[in-house]
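The chain below stands alone and is given as structure tokens, in the form predicted on its own.
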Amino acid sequence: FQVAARIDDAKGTKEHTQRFLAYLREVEDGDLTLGIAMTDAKGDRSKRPHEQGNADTYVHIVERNAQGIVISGTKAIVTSAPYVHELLIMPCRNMTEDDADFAVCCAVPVDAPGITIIARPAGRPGEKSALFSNKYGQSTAVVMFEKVFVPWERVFYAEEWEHSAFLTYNYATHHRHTCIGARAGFGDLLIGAGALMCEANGFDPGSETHLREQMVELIKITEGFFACGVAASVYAAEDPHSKSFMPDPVYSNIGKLLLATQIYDMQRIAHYVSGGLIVALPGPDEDHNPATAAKLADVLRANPDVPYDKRIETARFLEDLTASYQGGWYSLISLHGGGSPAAMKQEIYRNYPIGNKVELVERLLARGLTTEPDRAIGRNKQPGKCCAQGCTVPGAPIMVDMPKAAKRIKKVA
């Protein structure tokens, strides 16, 4: 919607915005579920889309006519592809004019002729020990497009390559913002299960210093990046073209960077407070083995107030989340989902108002404000903070001039 409005503003039209809003109403009225088809297969990462030996490593336009466009290519990581109604196709990077055929954003039904979906199962269906992921999981897929026709009413832009960077950066900010909430929920599961395992093992984390420290660290990590998500919402700004709102890009990217790089610490802490039992337990089939079940229940019970079956249930729950195939999936999707840590660092630096911090120090050192537009460290400024005091939203801190020292007057007796 934001890029459609931007294109219309640039062209002096309303066509792209109206087309997208009509599609949005169709999705809402039909209660449709969309999958995002953004990450291309990419081929040789050192080459741009138009330089690839096989053009189908990126989705691209192969034909356009009065009725619509025809696309071919491959999207490599499409979450939930097998069980959505439609795929929203977007470019995954900025484009040059030579890449114009690859600059396309459109929507297609998953059963459109020419689409092939090659997917992996969602979670660990049918596995008895997978106490979370046998019920809750995400399927990811490679989606191949072979001369798929898309009517114009479902094409939101085609070959407007100069707007691809805007779409990519904006979508990434939205996506990283939502990732924060998703992984904070994952952190909640680890905190709760970690506390349950401590209790089942016979410990009170509040009384055991080393366990309390680890639990607090897990809480700090989880609530730390979640707080960034809240801040990104609070400091959201109106997009000038569409009048919709954008979460703050700095807080969105910091929150996603924190969770991406600390997901492994979260799992390590869960392992620390739980003990090795989560990967050393016999499988679920032994729970009903008449030769061993009763003895296992007796010797593997720790806290007399927690039955054996409840202890091993929590242990297998944690194994599923942190030490199984699914646990590895959570780690990797947290690290690279929504872009690599390098991409987040780039966005943080690109959007952070370093120029304001430079001005702050220079004012404190009585150097006066510098206004050279080409000064590298002074380029980034926070909107509304273009002058010494600046404009502020209600409740926001402002920078004011320091008072001049008053002359001391001697009292005469």
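All residue numbers refer to positions in the sequence shown, first residue = 1. None of the values given here were measured: they were computed from a predicted structure.
Note that the form predicted together with a further copy of the same chain isn't included here; everything after this is about it.
Novice: Quick one: is I61 in contact with a further copy of the same chain in the predicted complex, heavy atoms, 4.5 Å cut-off?
Specialist: No, I61 sits far enough from a further copy of the same chain in the predicted complex that none of its heavy atoms falls within 4.5 Å.
Novice: Would you check, heavy atoms only and a 4.5 Å threshold, whether E26 touches a further copy of the same chain in the predicted complex?
Specialist: Because no heavy atom of E26 falls inside 4.5 Å of a further copy of the same chain in the predicted complex, the answer is no.
Novice: Applying a 4.5 Å heavy atom distance criterion, does E313 contact a further copy of the same chain in the predicted complex?
Specialist: Output for E313 is yes: heavy atoms within 4.5 Å of a further copy of the same chain.
Novice: Please determine whether E238 contacts a further copy of the same chain in the predicted complex, using a 4.5 Å cut-off between heavy atoms.
Specialist: The answer is no: E238 has no heavy atom within 4.5 Å of a further copy of the same chain.
Novice: Looking at W161, Y171, F149, Y330 here, can you tell me which has any non-hydrogen atom within 4.5 angstroms of a further copy of the same chain in the predicted complex?
Specialist: Of the candidates W161, Y171, F149, Y330, Y330 is the one lying within 4.5 Å of a further copy of the same chain in the predicted complex.
Novice: Using heavy atoms only and a 4.5 Å cut-off, determine which of A227, L88, V110, M246 is in contact with a further copy of the same chain in the predicted complex.
Specialist: Exactly one listed residue reaches within 4.5 Å, namely A227.
Novice: Please identify, from 238-246, 96-104, 72-80, 151-159, the stretch that has a heavy atom within 4.5 Å of a further copy of the same chain in the predicted complex.
Specialist: Answer to the contact question: 72-80.
Novice: Select from 329-361 the residues with a non-hydrogen atom within 4.5 Å of a further copy of the same chain in the predicted complex and write them out in sequence order.
Specialist: Those in contact are W329, Y330, S331, L332, L335, H336, P341, A342, K345, Q346, I348, Y349, Y352, I354, K357, V358, L360, V361.
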